[in-house]
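Take a look at this single chain in structure tokens; it is the form predicted alone.
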């Protein structure tokens, strides 16, 4: 039968201190033991402020057993390279001079790290001497991760807004460059902005992870009634290839242009024209390339344009 490891003098002293601590502050110790907040008490009369009490919540937070904690210096969980500012705040609190909020990065028994807000309060005897320290710990890891996630979302949103504004600026500039009639220019700009908005809605539903090509096409054609009243005049062939957000937005605007031209001048401008949209993937030395074909049949007679359009 394996022998249990012998306890160190420091650990034995810590356990003895716990026994005395329980006797003196019985009801309070019971409350501290059962609370959900991680708590420890230290012996301020010894160097290093050894821990003389640790509740179950502290053990659950750190992964240590009670006999592994008792007798340890208060800072035994502190991660190396902790900022000097944070360490100075801890020391100020241990000197009885609190110095603002304290956030410290600690390590668990399995070496994983957690960020904790620490509150350190001195316990004084009848002569106003500090004899113990009471410390509570609030795990801020989820809060920190949530803040980092929120910051990432803000950065991503800022990036998207800039790209969207650049796209809007390009649409307006191109329309005004090619369309002298103010009323026609306004209609053209609004149409393209609505197309951009619909693509944004699609990407939002996809959490901006990208969008499928078939989904982009259907979203762009929906306002023209093509997917419903003229469904028999439209054929679509191809897998629902996924494209990143920026490409999906560009494709949405392109499909809007093609559909607008088909309704005004092309296959959907008469009663018998049809449109076939297909795509495939071709392997090249530079990587896979998507080949997209928009083919109109039986539309009105094609005539040369009288002016250059949006392109």
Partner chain sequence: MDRFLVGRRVLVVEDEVLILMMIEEMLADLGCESVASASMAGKAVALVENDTFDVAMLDMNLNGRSSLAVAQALAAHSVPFVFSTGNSIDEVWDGFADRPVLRKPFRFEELAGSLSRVLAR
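For clarity, every value in this text was computed on a predicted model and none was experimentally measured. Numbering follows the first chain given and starts at 1.
There is another form of the same protein, the form predicted together with the partner chain; it is not shown, and what comes next is about it.
Contact with the partner chain in the predicted complex, judged by any heavy atom within 4.5 Å, is made by just one of 124, 142, 177, 205: 177. Of the listed positions (78, 167, 91, 191), a single one reaches within 4.5 angstroms of the partner chain by any non-hydrogen atom in the predicted complex, namely 167. Not displayed here, the partner chain is kept clear of residue 82 by more than 4.5 Å at the level of heavy atoms in the predicted complex. Proximity of residue 163 to the partner chain in the predicted complex: non-hydrogen atoms within 4.5 Å are present. Taking the partner from elsewhere, residue 209 is found to have every heavy atom lying beyond 4.5 Å of the partner chain in the predicted complex. A residue is said to contact a partner when one of its heavy atoms sits within 4.5 Å of a partner heavy atom; residue 253 meets this definition for the partner chain in the predicted complex. The three marked residues, 198, 261 and 272, fail to reach the partner chain in the predicted complex, with no heavy atom of any inside 4.5 Å. Comparing 273-281, 243-251, 58-66, 37-45 against the partner chain in the predicted complex, the single stretch with non-hydrogen atoms within 4.5 angstroms of it is 243-251.
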